[in-house]
Each structure stands twice: as structure tokens, then as C-alpha cells.
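There is one chain below, alone, in C-alpha cells, taken in the form predicted alone.
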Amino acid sequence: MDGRGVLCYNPLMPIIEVKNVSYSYPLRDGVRLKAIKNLSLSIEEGEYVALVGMNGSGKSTLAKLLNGLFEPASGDILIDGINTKDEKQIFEIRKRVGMVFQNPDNQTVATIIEDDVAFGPENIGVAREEIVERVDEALRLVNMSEYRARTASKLSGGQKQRVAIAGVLAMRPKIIIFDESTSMLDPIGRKEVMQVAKTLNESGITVINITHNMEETAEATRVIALRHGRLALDGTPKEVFASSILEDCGLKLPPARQIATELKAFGLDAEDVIDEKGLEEGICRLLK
């Protein structure tokens, strides 16, 4: 924790470096809305980060800055050592940083699933033989191989989002950003997508999950919370859930932690509970 009371994480090998970055949206009469304010942070290769904060905190803006869709008004962002301000390297940035958006229907470009997954590699000139290999691998990673010849319109929301993830994977990114990718899904679809995210992270891909769902936050190894475009919290789920300023960030504890907090009066150690499994184990210890 630093002198401002902000929990800080010290990565060893940052694949993402955000250095004193600010970004504003133009409004009327020359007025600008500052969305990101002198933000600095770094993310190590292979991390699983949950990026949280209330609406307007700057989460999606930061995602677009990392992907090179936006350019910082000041400061620098380095992706795998490449500055996103270098226009000649934007193609390389977007090859390294894949994004999965909120609505899977908006990401579908082809009728047949395997054609949709192949779209990205085809547009960057990958050889046909390698495209076939990439499509096979991507569909396997999201457990959608048996659906490859089907049409996307016949899939569930969770399945469509898994196809969207496969399309990103076929580009062979080092980083995948999930930008509220489960917000339109039912609980089953959300669970499917989060399991894919976990599997991808275990394979070495850096995952950034932008979410309002605090249960998803508990699945990450690190939580970054933004407030009014600035860094508010940065630590493990356990550290962030214990912070006194969590509510100031417009965030609530996940249900399992809330229940554990209520059971503190009966002797449950709530500090160790971040998810349902931890709650179950804590209650079992308490009963024994």
C-alpha cells in the first residue's frame, strides 16, 4: 500500500505499461470530458486481472487505449514494449491485444461459425493452411469444435460469445480484454465464458476482464478498481474486498463475502472468503 492508501501491485515482467496517461472526450464548444487522469499501472504477462469501477470510471476507455483504438492525450502506453502512439505499429498492437465486446451478435461477420473464426486471420494475410490450423485450435479452446459447420443464429448467447472469443484467439493475441462480455448472458452463458477465460489464462494468455459482476472479480488473481479515471485500488481479491474504500468506488462485495461478513458474529473468519467455495469451506470449519 502506498502513501495515498492505494493498494499497489509490483509486477516483474510487464507486458502492459501505462505511464501517466490522460484521455478526454470532446463535448460542445471546445469543452472536454476527462475520462482518464494521469493513470499509471503495469500488468505482468500471464496475469488474470479484473478491471472494475462504477459507470464512467474509465474502464472501457482504458481498454480502447490499450488496444490502440484511442491514443492518449498525454502519457504513454507500451504493449509488449511497443508504444501505442506509433502509428506504424498499430497493426502489431491489435495483433497482440484482442478484445471481446458486450454483444456477441455485433461481432459476427459470417454465417457459418468456422468462416467467422477464420475472418481475422484471412484479413491479415495468414496462409490458408495455417488458417485451418488456427481455426481448429481456437474452436477447441472454447469447446465449440462440434459446432463449426453450424450457423451462429442457432446458438445460445454463451455459445455466440465463445465463438467471438475463438475469432479473437485465431489472431494469436498475447492479451485478451473482455469488455463486459458476460453482461448480456444468462448465468449458464456467463459461467461458460468465464471458464474459457480461466482456461486461456492457464495457457499463458494475459486476461483483463472488465466487469460489474463482483463474483467474476473473485475469480481473478488481481483486481484493479478505477474511480473518476484514476487508480483507486490495486491488489488481490482478498485485499480489495477488505478495503474500506470499496464502496466509494461504487462497488459491493460479492454475495459469498457478504454472507461471510454476516456470519462473523458466529465466529466465521470472513477475511478468507472471496467466493462460494471459500464460504462453503468456512461454514464447514465453523460447524466442526
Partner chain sequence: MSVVEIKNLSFVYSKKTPYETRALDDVSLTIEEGEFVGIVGATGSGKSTLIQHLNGLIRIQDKKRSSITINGMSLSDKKYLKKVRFDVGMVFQYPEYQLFEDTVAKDIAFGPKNMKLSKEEVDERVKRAMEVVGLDYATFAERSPFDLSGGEKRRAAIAGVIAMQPQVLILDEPVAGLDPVGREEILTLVQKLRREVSKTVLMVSHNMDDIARLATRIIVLKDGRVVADGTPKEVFISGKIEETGLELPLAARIAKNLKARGFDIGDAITPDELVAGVRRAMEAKHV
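These numbers come from a predicted model, not from an experiment. Residue numbers count along the first chain shown, from 1.
Quick note: we don't show the form predicted in complex with its partner chain, though the next part is all about it.
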Of these, 222 to 230, 252 to 260, 235 to 243, 40 to 48, which stretch puts a heavy atom within 4.5 angstroms of its partner chain in the predicted complex? 252 to 260
Looking at D86, E202, D186, D76, which is the one with a non-hydrogen atom within 4.5 Å of its partner chain in the predicted complex? D186
As a check of understanding, the residue in V193, I176, A138, M214 with any heavy atom within 4.5 Å of its partner chain in the predicted complex should be identified as M214
Does any heavy atom of E280 come within 4.5 Å of a heavy atom of its partner chain in the predicted complex? yes
So, E276 and its partner chain: in the predicted complex, are they within 4.5 Å at any heavy atom pair? yes
I'd like to check something about K154: if you look in the predicted complex, is any of its heavy atoms closer than or equal to 4.5 Å to a heavy atom of its partner chain? yes
Can you tell me which residues in 15 to 36 come within 4.5 angstroms of its partner chain in the predicted complex, by heavy atoms? R28
